[in-house]
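Listed next as structure tokens is one chain, alone, in the form predicted alone.
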Amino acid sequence: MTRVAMLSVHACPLAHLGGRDSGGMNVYVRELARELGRRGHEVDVFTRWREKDDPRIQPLGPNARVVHIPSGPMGYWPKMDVYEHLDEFTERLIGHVDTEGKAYDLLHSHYWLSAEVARTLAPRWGVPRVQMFHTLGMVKREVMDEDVDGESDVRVAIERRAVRESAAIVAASRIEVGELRELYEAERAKIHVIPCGVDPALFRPMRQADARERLGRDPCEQMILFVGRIEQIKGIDVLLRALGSLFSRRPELRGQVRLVVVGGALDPSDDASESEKIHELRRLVHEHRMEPNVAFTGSLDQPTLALYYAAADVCAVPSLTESFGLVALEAMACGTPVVGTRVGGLQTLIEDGRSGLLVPAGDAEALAGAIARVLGDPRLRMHLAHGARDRAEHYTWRMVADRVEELYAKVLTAAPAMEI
């Protein structure tokens, strides 16, 4: 039995998915902690207390729990504001652990904000630290418009230190290994490739007609699905331009094709409702006269999301960068063909022409062409659906936990005795 302090400062594993700063990382931390707990390990996930109605401590399952640490005002905060309160977060975390009289065998931190907290806790507690970044600041600099700013400088400096000081680094794909080595001069021996997983009991194939009936959707429409946070890096604006291009070339499709956008906080009671980015996207929809063809649903619970995957003809993942691509994997597990970009982990997860189609990032015309191929060719769609399901069988949370357990054992065996 290993006692693990898991740090996920800005991303609570129990957060409602699809809103600001809530996505694949939240799922990863939640499912890994649960699976490790089922195996008898003790896992405490420490995260910022963001929602006032959340209990201070919430169970995740056997031997696993979420501990909310007060740090700054309640509610959503941009990452740099969260960073400004990291000292407070760290001190209150230490106080909580001291009060409980707990001790841990290792730290597993997620993202750069958690890496900075782990940098203080590891020597204080005399334990090794394992780091997973999920996304890298240097990679985002290469694809984002606002490439170099104060936040990026701070983030990259913290990431560089974490690469040097961590006992082990988890990479989601071999592509990320290359990025860590080239951009951060990481030691290859420190890096362990452990991809993400999917819950096959939740994300599984079902008849498209049944899924559409349960969702109340037109059984005859051709449905494109996008799932993700509403931000530039996810490429949603590229997808909307691609749809506009498709309708320009094939105007008859306007009466058949529907794009469903799942993600973003559209609830008026939510402090993140109708962000500036969503307003920008609605203007793009209006510009191409696509109001009848595009629906923004906001974020959904996972059982409902699984129905949308099953109901879709194709899932578009047009990200500008992606360390792994959990949305693509969830769609594939449901037997839904994926059109994704040839970036990051997507290009290792999706086998072009077998379990999906790959296009260059940011290329709206190529994206439109690939989507049109899938929608217009039932045989290709069936071929990709079978390939997607077969591919997804190799990625489960059980397999992820197997690899993480092996990594923990290796790190603890190699860790020198440390004075506390």
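Everything numeric in this text was worked out from a predicted model, so none of it was measured. Each residue number is its position in the shown sequence, starting from 1.
The same protein has a further form, the form predicted together with a small molecule, not shown here; the description that follows concerns it.
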| query | finding |
| --- | --- |
| Touches the small molecule in the predicted bound form: residue 25 (any heavy atom, 4.5 Å) | yes |
| The small molecule contact in the predicted bound form: residue 176, any heavy atom under 4.5 Å | no |
| Distance check, residue 234 to the small molecule in the predicted bound form, heavy atom within 4.5 Å | yes |
| Exercise: residue 300 in contact with the small molecule in the predicted bound form, heavy atom 4.5 Å | yes |
| In the predicted bound form, the residue from 239, 343, 310, 326 that sits within 4.5 Å of the small molecule by heavy atoms | 326 |
| Position in contact with the small molecule when the complex is considered in the predicted bound form, options 305, 223, 139, 118, heavy atoms within 4.5 Å | 305 |
| Candidate stretches 281-289, 176-184, 224-232, 78-86, one within 4.5 Å of the small molecule in the predicted bound form by heavy atom | 224-232 |
| Three-residue site 262, 322 and 330 fully in contact with the small molecule in the predicted bound form at 4.5 Å by heavy atom | yes |
